[in-house]
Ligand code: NAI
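Coming up is one lone chain in structure tokens, specifically the form predicted alone.
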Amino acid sequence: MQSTNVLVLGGGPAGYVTAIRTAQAGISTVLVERANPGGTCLNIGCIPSKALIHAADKFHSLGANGDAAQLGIMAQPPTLDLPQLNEWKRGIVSQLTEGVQALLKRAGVQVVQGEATVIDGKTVEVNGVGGDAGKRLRFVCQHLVLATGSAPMALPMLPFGGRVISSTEALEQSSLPASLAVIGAGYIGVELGMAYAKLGSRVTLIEAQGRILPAWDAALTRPVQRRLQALGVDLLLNTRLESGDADSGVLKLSQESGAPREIQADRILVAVGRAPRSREAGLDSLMLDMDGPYIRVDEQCRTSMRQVWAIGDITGEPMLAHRAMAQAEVVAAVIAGERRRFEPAAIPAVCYSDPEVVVAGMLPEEAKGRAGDVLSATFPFSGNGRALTLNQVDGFVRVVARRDDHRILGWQAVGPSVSELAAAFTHSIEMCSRLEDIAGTVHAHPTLTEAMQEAALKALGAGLHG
């Protein structure tokens, strides 16, 4: 039996940030994690997927259909050493997870590797695994922080195993599949499907709705769809999976228009979303208030049980690491006695496709519904000098603002490396900036950020370069 002020279940971005912050505040803290600290994001999600995407971009650019030749770079056809790629990717993951372990140790967090079972809101049993195998511990705490994350969602007719893989296995394949069927054209399906297409797999992307990345509008996703088609990806939109055979890799599909279709693939990537781990580890026994599959929390991430907190994917959409980390900062501060609330004006979302997509704040239609009369203006990257020098001009920056006071409500962009605009987009919304603030700010030339200024000028009816 051990006692601690704060007990954190889960060592992902939500959990480890909470643990570090409470320990830094001088509060005794224990973190329980079944695998390596860093969670899905660092170990089997955000970081290794971006490494794979980067490698695929480099490989494709040097191939027969890449843009290296257009730039005057002549090279022999590249070859892919997949084991070396996997080793490089693992090195990045190892560096980051070891860094998190060092931060936890330096802050004074007691880290226990094990499987947790919640007994009640103050008591948790842990069966050790890995380095703590054989240990059986019981912790009594003052504050219980639930940060158990999420897992890839499976399809009942195609359980994971063999040919059927989740995003986790897609990031660690020992050989490149000749053909890959991707079920689901959300950001995970689009990112990984595009990466495999660039590495040389024949990719089929299956989506039940009428366009890829269906959470966003058609104008924003159209450049990505064009790129997928240019890469030879077979896009099957308005298409549903009726049945599948994991042994043969045969999928039977129905389409809104056209006859039923059957395809066969060496690998089948199921990318239909993620399910919160909100009922695992005995969390059901707490009888917390729920919002569907998610744990309901207030503006300080308190659950319906006193001094039990929930953060990250188990609290709902958007399931993003940076949202989880921001919630963690709030919870740690409140436990330490500060007055904090989790009420962000905007949470940016990025799809690391080619071209990239970033969204912060409201889309135009959403803004019309919530704010009434709005202004919206778009500046194309074909008029941006930096985009031209990168040889990537298919895309734009779009701003959405109130018509009456010109307060900015949202930004969207699709284009080269636009993920790096996310902070500027979000900052302007958090600071309640007006179009005049962005239009009157001196932007460095040549940069992609100039498209922000141009979009703001255009919304004001004072466009300069377009």
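Because the structure is a prediction, the values reported are computed rather than measured. So that there is no doubt, residue numbering starts at 1 and follows the sequence shown.
Omitted from view is the form predicted together with this ligand, to which the following refers.
Annotated contacts: Gly385, Glu450 and Met452 are all free of this ligand in the model of the complex [non-hydrogen atom within 4.5 angstroms]. With the partner omitted from this view, the residue of Val93, Ala281, Met319, Leu228 that lies near this ligand in the model of the complex is Met319 [heavy atom within 4.5 Å]. For the options Ile188, Val358, Leu220, Ala332, the one in contact with this ligand in the model of the complex, meaning a heavy atom within 4.5 Å, is Ile188.
The stretch from 96 to 104, 76 to 84, 134 to 142, 345 to 353 that comes within 4.5 Å of this ligand in the model of the complex, counting heavy atoms only, is 345 to 353. Within 4.5 Å of some heavy atom of this ligand in the model of the complex lies at least one heavy atom of Ala271. Although the partner is absent here, Gly184 is a contact residue: one of its heavy atoms lies within 4.5 angstroms of this ligand in the model of the complex. Proximity of Arg202 to this ligand in the model of the complex: non-hydrogen atoms within 4.5 Å are absent; the residue sits far from the partner. Put simply, Gln209 is close to this ligand in the model of the complex: some heavy atom of it is within 4.5 Å. Residue Lys50 is the only one in 40 to 70 with at least one heavy atom within 4.5 Å of this ligand in the model of the complex.
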